[in-house]
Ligand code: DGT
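Encoded as structure tokens, the following chain is the form predicted alone, with no partner shown.
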């Protein structure tokens, strides 16, 4: 499970730091745990492999105590010190850490001074004025916390795609190690690569020699696994448990299905509900019956299974081209499958480069050489360096002089590289009046320019739309970065007139980004499809700030695919020569 295991470990260390901060422990120890969490999140390889060859212990910042905890997790699926910390607080207190604007210090204050233990208690403290009276709070901060609670409640019960991936990776890794396991697959909204996930569904088949008792034993063992926070149920075919990976608590449902029904069950439990309803209607019209067990021919009171073990056969028997799980939302995919017009969706292997990465020159953690090495390891043909511009002071943005030096460094390194072209770019801020943070003379020296809104995101619809449209008018702007500015589970999208933005992008020969960071996935799938239908190119960028960041490309690819994107719709599926010609088409001649 590789990076998923690293992310789970990182989340556990980060949560231990939060709990220690609430408990009032030594700030040095707290910061040590946070540092270990950051290191684990950015590891270039699986922590288990690095531990085995001894290289993990050589990394500065990871001491013997941390190594022991990592070893414990890899052996048992849990860290006892983490469990002990959790036991000291009400489980509901952890939910307060999810409230934007509160943080561990705020949780400590409301817990110790107001005896607030949950969201409802926090809302009551806001209503009666006691929260505003706490030292360090006040009306402005309380208003921000109230807004954070409102946002959290609107998005509650859902987790990000990468979080669901991490949980599913932990469980499927455990399942595959159990005796008698034959096939394991996630299903549900996770398999459809939805931007947020409710419960995680996993299907399992056992070998033909396994008995009903074997299935029951597997499910009973699952709910008792070390990574399970709370078992919910364990029956003869299904078990459910709550799992905590150092972030949100996630419900995981494991189902054991017969081998003969695996394809039908995978199709059924992948969904979506609307997609399945239409498939059943097609089956009925053909005199067939479709459920999670099989596709049946019906003759009076008798039924005969004609498809079940293989998912693709369910579709072909219904007269349809097999439909990629990422499209199964009843948005015209069934009609396209019947007509033979389904698109060949974009795949990760078609990406030739990353057009949005940050280095230590601004707020990134890696230097040019490290990024180049990683890009070559990914098989990329090109990599565009897009550090922040000067107005992003919090991100250590570059002024024109620093950018000139950065361009020189990029050109010199590029001249020494073989097999990878390093492009000089920027993520330039779109200012409040729609002007850009650099003048055209500076932008003309760059190979590729991303323009992004980073401030004033809550401004009225007319203003944020005007800023974006005006930026696209600039002949050097090639792409609008994370166009709506949303952060899933943390910040709403700008009130942007997306239709006007897409129309203007088509008119001005400007691409729109699909930001692959799972916090963003911006543009979202529906907007991707709107852009494609308007003839607008999409640029899938990781917005990478660290080692883990470059590996996030798959999330952008899957989001674009959910928007029906093909290889021809994606800017960074072009060859370098094609990309240069595309950029030159907009520039003054």
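Values in this document were obtained by computation on a predicted structure and should not be read as measured data. Residue numbers count along the first chain shown, from 1.
As for the form predicted together with 2'-deoxyguanosine-5'-triphosphate (DGT), it is not shown, yet the points below apply to it.
Stretch 264 to 272 is the answer when you ask which of 229 to 237, 482 to 490, 359 to 367, 264 to 272 has residues with heavy atoms within 4.5 Å of 2'-deoxyguanosine-5'-triphosphate (DGT) in the predicted complex.
Mapping the unseen interface onto this chain, residue 192 counts among the residues with a heavy atom inside 4.5 Å of 2'-deoxyguanosine-5'-triphosphate (DGT) in the predicted complex. The shortest heavy atom separation between residue 169 and 2'-deoxyguanosine-5'-triphosphate (DGT) in the predicted complex exceeds 4.5 Å. Under a 4.5 angstroms non-hydrogen atom cutoff, 2'-deoxyguanosine-5'-triphosphate (DGT) in the predicted complex has residue 201 among its neighbouring residues. In the predicted complex, 2'-deoxyguanosine-5'-triphosphate (DGT) sits within 4.5 Å of a heavy atom belonging to residue 197. Checked against 2'-deoxyguanosine-5'-triphosphate (DGT) in the predicted complex, the residues 463, 280, 117, 286 give one hit for a heavy atom within 4.5 Å, which is 280.
Note on the partner interface in the predicted complex: the residue among 106, 425, 188, 397 having a heavy atom within 4.5 angstroms of 2'-deoxyguanosine-5'-triphosphate (DGT) is 188.
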